[in-house]
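Shown here is one chain on its own, the form predicted alone, set out as structure tokens.
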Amino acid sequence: MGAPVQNLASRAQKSSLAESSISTKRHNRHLFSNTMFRYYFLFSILALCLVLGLVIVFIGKTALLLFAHLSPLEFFFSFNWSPEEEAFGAAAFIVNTLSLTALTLLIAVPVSVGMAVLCAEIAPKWLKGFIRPVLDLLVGIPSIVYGYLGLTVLLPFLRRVSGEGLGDGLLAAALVLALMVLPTICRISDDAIIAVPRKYRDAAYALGSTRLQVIMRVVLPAANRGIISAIILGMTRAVGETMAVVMVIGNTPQLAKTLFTPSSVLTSNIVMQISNVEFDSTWNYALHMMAFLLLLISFVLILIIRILGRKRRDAA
């Protein structure tokens, strides 16, 4: 009896050792794969930071060369852009860019937030199921398609309505950009409104509030940081958009005194002129400074979004 029992004990011990060995190998394999993935993601992040840093250094270094040939006051505050006469005043482009962005948001924000409220609070499920996929589809449409529609459909319409000879200008560009940023602002605002806890609505209804009062005085104030983030994201796209603006704004280096004055903004001026200049020239440095300004504006807006997001998490 002793020998069989001893054999069984030996087999059990060997089986336990085998299982322990398999478990150890599995653990080491998982540990190795996790380590490799961690280093891979770390390498990806560092590579992205390196590329971003190189872009900033290249654009900034080339842009700052401008001030060896031109004073900052002349560049930022002069409205005279005549590269053939060595005049590189970018004030008109800066003002036009700010005006176009403000007009775009003035058109897009009320419509976008209203649609977000409709999707999140009012519309039945079948309508939500239709609107949201359509908005997602609009986000993915290339900007040049919007520009082409603006050129072939919007400009002739504006000519007929306004009686202007061309129809190009800030209004046409703002309408095209408003259509482009509307889905972005609407979808992010929709998510922000949905994230408002249900108990806020129930408490307001329990106090006798109407649906409009709940939306205007409870839901929207509670979702304000998310809505502001959505507006800023829309603003970043409006500031940096190029091809759609080029096709409808007129591309004339002058200050837009009316909504139908052919003009130009920072992005359109860069794309229209960068291929015609020598690299080691004041003209090229001025265009790089415009690009650097756009880069700084985008960084500032993204920083604001990060700060708002952090405050929202702290408040939650």
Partner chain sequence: MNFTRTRHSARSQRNNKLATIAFYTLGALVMLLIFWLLFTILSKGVPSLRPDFLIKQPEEMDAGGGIGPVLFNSFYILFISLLISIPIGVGAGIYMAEYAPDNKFTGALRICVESLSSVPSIVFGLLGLAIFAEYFNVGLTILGGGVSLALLNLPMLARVTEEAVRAVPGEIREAGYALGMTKFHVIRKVVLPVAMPAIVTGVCLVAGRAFGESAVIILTAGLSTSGEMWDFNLFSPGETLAVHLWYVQSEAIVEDARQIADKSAAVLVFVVLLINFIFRFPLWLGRRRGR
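Predicted, not measured: the structure shown is a model, and the values here were computed from it. Only the largest set of C-alpha atoms that superpose within 1.5 Å between the two forms is called the rigid core. Numbering follows the first chain given and starts at 1.
Beyond what is shown, the protein has a form predicted in complex with the partner chain; the following relates to that form.
Between the partner chain and the residues A91, I232, A87, A222, the one pair within 4.5 Å by heavy atoms in the predicted complex involves I232. Checked against the partner chain in the predicted complex, the residues A102, V218, V95, V139 give one hit for a heavy atom within 4.5 Å, which is V139. The partner chain in the predicted complex is approached by V153, whose closest heavy atom lies within 4.5 angstroms of it. Under a 4.5 angstroms non-hydrogen atom cutoff, the partner chain in the predicted complex lacks R160 among its neighbouring residues. Using a 4.5 Å cutoff between non-hydrogen atoms, L207 does not count as a contact of the partner chain in the predicted complex.
Interface membership of A68, defined by any non-hydrogen atom within 4.5 Å of the partner chain in the predicted complex, is ruled out.
Residues are counted as partner-facing when one of their heavy atoms sits within 4.5 Å of the partner chain in the predicted complex; in 282-303 these are H288, A291, L294, L295, S298, F299, I302, L303, in sequence order. Relative to the superposed rigid core, the position of the CA of V55 differs between this form and the one not shown by 2 Å or more. With the core held fixed between this form and the one not shown, T258 has its Cα displaced by under 2 Å.
Relative to the superposed rigid core, F67 undergoes a CA displacement smaller than 2 Å between this form and the one not shown.
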